[in-house]
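Have a look below at one chain only, the form predicted on its own, in structure tokens format.
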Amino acid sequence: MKPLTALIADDEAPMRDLLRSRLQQAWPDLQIVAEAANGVEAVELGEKFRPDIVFLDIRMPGLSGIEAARRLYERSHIVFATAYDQYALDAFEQGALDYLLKPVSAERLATTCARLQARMRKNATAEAAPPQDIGQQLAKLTSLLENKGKPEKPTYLRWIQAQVGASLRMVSTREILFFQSDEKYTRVQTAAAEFLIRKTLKELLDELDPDEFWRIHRSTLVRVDAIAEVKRDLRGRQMLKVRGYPGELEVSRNHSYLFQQM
């Protein structure tokens, strides 16, 4: 039996990297034939390579993951990646659609891969056609997420207020390299300066965009697109290098899954 193939579609490169790395571990024989950065590319590459499985992010520019799925489900099995709330996840479960919750955990992916492998083996022997109601399920899911099933677009924190002497400094989150808890304060590090604020990391986690900032340690949040490289030191710890900052940040064991290829 020839190896099964897959396409990964996500507009966030770090998320594509994470999913590819996890798939290599959970399903080494699965061949990733292409990666797409938006819904339009996903449809084009899906039609070109005709992969057995397509992993689709729900929110993508051009076409959403659901819109892309409605064009691809007849030739490929669809697995959605989503950061939606529990209401939307219930809609996935009720529709028996495969999904992964972002950021993708190794445990959930292993379960999904096992189910897909069993389904593909069954389809290979029975030459089963796609379920007739998949299109209806996708249409229903679109309606749910566009209406009450879709959470309002969250408003994330874009500016940090930092007291500097007698003045108040407004710091854009795009300038911030990382946050690090420092006893009673939280350190805000940019390429040009360092500030102290009274917000805790827990408060920041609730207010920052989870696709923009990752927690790499119980005391550290880092901006994803500021990450330059990750390496191991002589003690085997994962150490992260951030652009515009001379030092290194430690990645704890609990968060090492973010850089699973290491």
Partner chain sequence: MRASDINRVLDFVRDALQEASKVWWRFFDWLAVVEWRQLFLTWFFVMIFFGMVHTPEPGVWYIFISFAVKVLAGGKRKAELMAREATTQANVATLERRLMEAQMAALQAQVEPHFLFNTLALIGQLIETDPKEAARVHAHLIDYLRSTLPQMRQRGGATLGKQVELSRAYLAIMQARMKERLQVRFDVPDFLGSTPFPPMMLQTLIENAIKHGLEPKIEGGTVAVRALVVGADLHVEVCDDGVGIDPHADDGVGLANIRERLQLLYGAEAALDISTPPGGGACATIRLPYKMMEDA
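Numbering follows the first chain given and starts at 1. What you see is a predicted model; the values in this text were computed from it and never measured.
What comes next is about the form predicted in complex with the partner chain, which is not displayed.
- Residue heavy atoms within 4.5 Å of the partner chain in the model of the complex occur in exactly one stretch of 66-74, 47-55, 34-42, 216-224, and that stretch is 34-42.
- The three marked residues, 113, 241 and 255, fail to reach the partner chain in the model of the complex, with no heavy atom of any inside 4.5 Å.
- Though the partner chain is absent from this view, in the model of the complex it lies within 4.5 Å of a heavy atom of just one residue from 106, 120, 83, 134, which is 83.
- The closest non-hydrogen atom of residue 24 lies beyond 4.5 Å of the partner chain in the model of the complex.
- Under a 4.5 angstroms non-hydrogen atom cutoff, the partner chain in the model of the complex has residue 174 among its neighbouring residues.
- Contact annotation: residue 61 falls within 4.5 Å of the partner chain in the model of the complex, judged by heavy atom distances.
- Within 4.5 Å of any heavy atom of the partner chain in the model of the complex lies no heavy atom of residue 248.
- Residues 159, 161, 166, 167, 168, 169, 170, 172, 174, 175 are the ones in 159-183 with at least one heavy atom within 4.5 Å of the partner chain in the model of the complex, listed in sequence order.
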